[in-house]
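As structure tokens, one chain now follows by itself in the form predicted on its own.
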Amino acid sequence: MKSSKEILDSEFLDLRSKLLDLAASLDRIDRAEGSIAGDERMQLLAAGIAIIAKDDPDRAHQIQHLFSREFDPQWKQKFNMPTRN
């Protein structure tokens, strides 16, 4: 098993790149015309960033839950999916 330092050494540049990409996307949204005030997606992104900023070992799980729908046993009917016989 790799040590935390070995993982950081191998993934640092990729993580840095992803952070820069996220910041650039948010900057483009801020500079663009129009208003997104009240857009739930921005609230979700802000909540995701807050989760990432915490020192918590299950951040990926929290992010996945944040962006997931609650399970609905009727999902196939709602999305008109064929069922197996």
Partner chain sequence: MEAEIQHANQKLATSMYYIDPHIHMVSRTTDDYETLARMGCVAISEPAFWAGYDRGSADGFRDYFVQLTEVEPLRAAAYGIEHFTWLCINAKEAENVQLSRDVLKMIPEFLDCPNVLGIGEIGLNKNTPNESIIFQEHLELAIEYDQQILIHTPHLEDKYQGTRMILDMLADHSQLDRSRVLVDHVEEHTVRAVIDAGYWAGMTLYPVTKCTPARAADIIETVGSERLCVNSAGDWGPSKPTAVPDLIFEMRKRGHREAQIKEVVFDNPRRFFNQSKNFQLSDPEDR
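Residue numbers count along the first chain shown, from 1. Heads up, when I say rigid core I mean the largest set of C-alphas that superpose within 1.5 Å between the two forms. What you see is a predicted model; the values in this text were computed from it and never measured.
Just so it is clear, the following notes concern the form predicted together with its partner chain, a form of the same protein that is not shown.
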Would you please decide whether Thr83 lies within 4.5 angstroms of its partner chain in the predicted bound form, comparing each non-hydrogen atom pair?
yes
Given that its partner chain is not shown alongside this chain, does Ala60 nevertheless sit within 4.5 Å of it in the predicted bound form, heavy atom to heavy atom?
yes
Taking its partner chain as it sits in the predicted bound form, is Ser17 in contact with it (heavy atom to heavy atom, 4.5 Å or less)?
no
Looking at the partner-bound form in the predicted bound form, is Asp21 within 4.5 Å of its partner chain by any heavy atom?
no
Listed by sequence position, which residues of 34-69 have a non-hydrogen atom within 4.5 angstroms of its partner chain in the predicted bound form?
Ala60, His61, Gln64, His65, Phe67, Ser68, Arg69
Rigid core superposed: Lys18 CA moves 2 Å or more between this form and the one not shown:
no
Just checking, between this form and the one not shown and with the core aligned, does Lys76 shift 2 Å or more at the CA?
yes
